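A lone chain, given as structure tokens: the form predicted alone.
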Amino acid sequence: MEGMKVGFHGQVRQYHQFKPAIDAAIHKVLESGVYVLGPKLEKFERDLATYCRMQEAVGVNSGTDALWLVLKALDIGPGDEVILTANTYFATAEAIWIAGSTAVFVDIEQDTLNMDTRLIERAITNRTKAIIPVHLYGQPARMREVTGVAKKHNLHVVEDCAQAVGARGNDFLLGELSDAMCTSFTPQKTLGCYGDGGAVLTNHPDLAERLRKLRNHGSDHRGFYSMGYNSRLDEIHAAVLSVKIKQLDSWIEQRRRRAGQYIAGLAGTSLKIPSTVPGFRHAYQFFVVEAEDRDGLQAYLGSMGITAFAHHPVAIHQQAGFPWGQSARISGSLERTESSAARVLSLPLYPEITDEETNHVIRTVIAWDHTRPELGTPG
């Protein structure tokens, strides 16, 4: 519909939909006088562990902190190497650098944009200590293959699940095959709070206990401390997340339905649309297409009132702030990573987006595509 505006996020709509429950949860925390490491965090940690079917959940300040605190807890530090991909959010590699370790980048699969597990083994050296597979945009990585290599070489596996809570493989749950799974609760996430937040999930109680001490100045008892950090998920965020987690499966199914609408509607265009591994449950944190003229498509959508974002448009190793030297190395070519980074564009996708708005996006993309027949065959 001409003149229709479609925003990228639906947090405000979502807040108004669940306003009474969210406001009541926040009010209870304010009235309680307990704002840090209290009963609301304990409850949310139980809720999250139950939802993910994991034994332990540890709330921390952010998804970034979740990653590097796990590395610290696993004694991964200076002189060690950690294998990952370069088409993810900068924080995945940043966590490795905070721990003092070296990030080793391998290329991605052409279809899923997740780690090409065939390339892991050739990146391993006698300094390699861990692999961080990223479940990018909500698509689970091939965890059976990742953990197969890890077991062969006695490596740790830490899953970056910041974009994929609620996703799963065909015969595995996210988190069950690794040492730990890390996630984020920033506002744009399907399960998001109203600021920064994160968590670590694990089936290893000893690791969870170490993380609980590390997040709280090395303390598990007031007045007694050892070396640690300040990284705690506060009570207000935890209370809000306990309200929202009840809706998570419904929200994911709404995202999947809208993704299906996009896939059907954009078939036959020159765009490369998301590919799902058969049997895997894609959580569709983002609906990411690839276009030869990504910037042109983004600008055209913007001119038509549609907000689209390029998530990770510059690969980590191509960032101006990339710390070369002892902090990072590349294993083999990152040709697919670089090609994808230059092409990716996320279309609006959230549980509150309407049929009319989704169809407007589809029609607008098709209109743009019809003006550019030279861009190739349908993706």
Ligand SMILES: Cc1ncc(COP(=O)(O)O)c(C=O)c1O
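Only a predicted model underlies this, so the values are computations on that prediction, with no experimental measurement involved. From 1 onward, residues are counted along the sequence shown.
This next part talks about the form predicted in complex with the named molecule, which is not shown.
> Want to guess which of 293-301, 103-111, 70-78, 179-187 is within 4.5 Å of the named molecule in the predicted bound form, heavy atoms only?
Heavy-atom contact with the partner occurs in 179-187.
> Just one of S231, T202, T92, T269 has a heavy atom within 4.5 angstroms of the named molecule in the predicted bound form, so which one?
If I apply the 4.5 Å criterion carefully, the residue I get is T92.
> Though the named molecule is not shown, can you say which of V134, A99, V146, L191 has a heavy atom within 4.5 Å of it in the predicted bound form?
Going through each option in turn, the one that passes is V134.
> Wondering, does G63 line up within 4.5 Å of the named molecule in the predicted bound form on heavy atoms?
Because a heavy atom of G63 falls inside 4.5 Å of the named molecule in the predicted bound form, the answer is yes.
> At 4.5 Å between heavy atoms, is A162 in contact with the named molecule in the predicted bound form?
Yes, A162 sits close enough to the named molecule in the predicted bound form that at least one of its heavy atoms falls within 4.5 Å.
> Using heavy atoms and a 4.5 Å limit, would one call P140 a contact residue for the named molecule in the predicted bound form?
Answer no; every heavy atom of P140 is more than 4.5 Å from the named molecule in the predicted bound form.
> Even though the partner isn't displayed, in the predicted bound form is T88 close enough to the named molecule, meaning a heavy atom within 4.5 Å?
Yes, contact at 4.5 Å.
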